[in-house]
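Okay, here we've got a single chain as structure tokens, the form predicted on its own, with questions on binding and movement later.
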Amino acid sequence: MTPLDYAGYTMSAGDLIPLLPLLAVTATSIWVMMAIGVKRNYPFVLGSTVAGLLLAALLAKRLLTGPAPEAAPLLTMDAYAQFFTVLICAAAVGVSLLSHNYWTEFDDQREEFFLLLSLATLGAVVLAGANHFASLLLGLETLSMSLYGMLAYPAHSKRKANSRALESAVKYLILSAVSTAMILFGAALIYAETGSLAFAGLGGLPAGPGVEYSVVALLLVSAGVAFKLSLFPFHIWTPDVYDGAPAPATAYLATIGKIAVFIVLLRVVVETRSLGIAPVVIVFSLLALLSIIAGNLLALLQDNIKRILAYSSIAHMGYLLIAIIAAFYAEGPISIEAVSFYLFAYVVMTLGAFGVVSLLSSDALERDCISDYQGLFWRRPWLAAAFTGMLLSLAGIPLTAGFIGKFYLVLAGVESGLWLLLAALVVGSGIGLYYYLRIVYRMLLPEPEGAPQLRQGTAGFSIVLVLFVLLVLFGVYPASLMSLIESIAL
């Protein structure tokens, strides 16, 4: 095939090979859209979505060990991007199967939810390989606009209990638009300073005299990213959106919606050393410190599991920022390894926790109060055991992947001398253990009289069980995953 020349970049058929996972997710979205248009068939649409996303994950896994591709003008689908593509697509498969049980009794059309899910996954995969502000915004808006529909999906249901879904979607839409505007304004200032919108151009920002425009540009981009990650004080939307949205959509937002943005942030910081400007380092340190403390303290006041997990996610994003800051100070790939392992652990334990909520809930009744889980150990012991494992991993208890992830973060922080942030991590983890154990204690109490029958779901329970096995496996024997992440970091 004759190579194509685009703006000085020569592209041949071989260059499409690293893009195969992205093309597979795109084809899945188109196929699902066509299937819905021809004839509505809920099991067929679900099966097509799961099969397409699994194919994309398998293709990305196969490309992990291949030769490193050349950087394209908008995407760099290297081993780093392929690793997170596997994680994103696998998590999307898990959300799809959890959604099957949740939407069983939905009194409206259900198929479009999986179309929105596959489109959101497409945006997340684009973010995994983004190396340019154009691809960043394309991926971010594809992900965000699909999430608006997922969050508001039950709004047309005849059940009044679903009225909060539209409210949560509107709140997310407005604040997401504000954050995107900040990123756009910051990108415009960066272009004015460097003449480029590629992430590599950030290395050309002045760090000496005339640094004011650089500081404003980076702070605007950082504020937009902080909105997406719900870092304090940009977290105001998080508990309300988590609480009002359907459980599968919340699970997607809390996992893929967060890690996709963090993947880009890590690539920008490591490849461009954009934290070299002192005011930007100070702002990131404050964001991490305040997110850890505020997220954990506000979670203590909640009796709603979704809101507890929302504030918990704020704290966990603060933990991850410690490794991002350490990437500027530390020599070697330890920060990349810490963030990569913790993101993997975060997806497993957060998806597992929301998976239990999704499994026991439906569009007609969200079981999101702690009281709803009283006696769960005596009614569904295996499900309660898996839920306990997820909560203990979020708290960083040994023999779980969450403990190994926090150990990595501490190691990165020690090498960089971030003692104040490490102290906040230790204090925050101690506070977190208390509110996680509140839920475990409630599950151990006797079953209340007249408790309603709990829902069953084979596909959803299988996903929760697989996540629990991964949680324990990589908590006890993390060597295989650690060696893979080390090779990616190098």
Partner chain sequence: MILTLLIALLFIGGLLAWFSERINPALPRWIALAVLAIELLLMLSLLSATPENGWLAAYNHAWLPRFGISLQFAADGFSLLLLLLTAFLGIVAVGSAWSEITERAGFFYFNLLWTLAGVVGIFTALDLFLFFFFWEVMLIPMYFIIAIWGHENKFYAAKKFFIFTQVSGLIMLVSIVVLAWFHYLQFGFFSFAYQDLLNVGMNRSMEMWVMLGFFIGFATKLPSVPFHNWLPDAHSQAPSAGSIILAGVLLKTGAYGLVRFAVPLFPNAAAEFAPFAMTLAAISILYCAKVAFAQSDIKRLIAYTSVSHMGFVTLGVYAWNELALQGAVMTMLAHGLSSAALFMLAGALQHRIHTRNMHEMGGFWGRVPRMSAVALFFSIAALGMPGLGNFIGEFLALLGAFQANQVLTIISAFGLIFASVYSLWVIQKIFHGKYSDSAFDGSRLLDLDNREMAFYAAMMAGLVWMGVYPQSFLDLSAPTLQALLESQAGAAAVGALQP
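Numbering follows the first chain given and starts at 1. Predicted model, so just to flag it, every value in this text is computed and none were measured.
Just so it is clear, the following notes concern the form predicted together with the partner chain, a form of the same protein that is not shown.
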Subject >> Selected contact from Asn131, Thr388, Ser361, Gln374, since only one has a non-hydrogen atom within 4.5 angstroms of the partner chain in the model of the complex >> reply: Thr388
Subject >> Partner-contacting position among Ala459, Leu437, Leu54, Leu465 - heavy atom within 4.5 Å of the partner chain in the model of the complex >> reply: Leu437
Original post:
Any chance Val270 has a heavy atom within 4.5 Å of the partner chain in the model of the complex?
Top reply: no
**OP:** Examine Leu444 and determine whether its closest non-hydrogen atom to the partner chain in the model of the complex is within 4.5 angstroms.
**Re:** yes
Original post:
Using 4.5 Å between non-hydrogen atoms, is Val476 touching the partner chain in the model of the complex?
Top reply: yes
**OP:** Mark Val426 yes when one of its heavy atoms lies within 4.5 Å of a heavy atom of the partner chain in the model of the complex, and no otherwise.
**Re:** yes
Original post:
Using a 4.5 Å heavy atom cut-off, which stretch among 351-359, 260-268, 333-341, 86-94 contacts the partner chain in the model of the complex?
Top reply: 333-341
Original post:
What residues of 402-431, in sequence order, lie within 4.5 Å of the partner chain in the model of the complex by heavy atom?
Top reply: Phe403, Ile404, Lys406, Phe407, Tyr408, Val410, Leu411, Val414, Glu415, Trp419, Leu422, Leu425, Val426, Ser429, Gly430
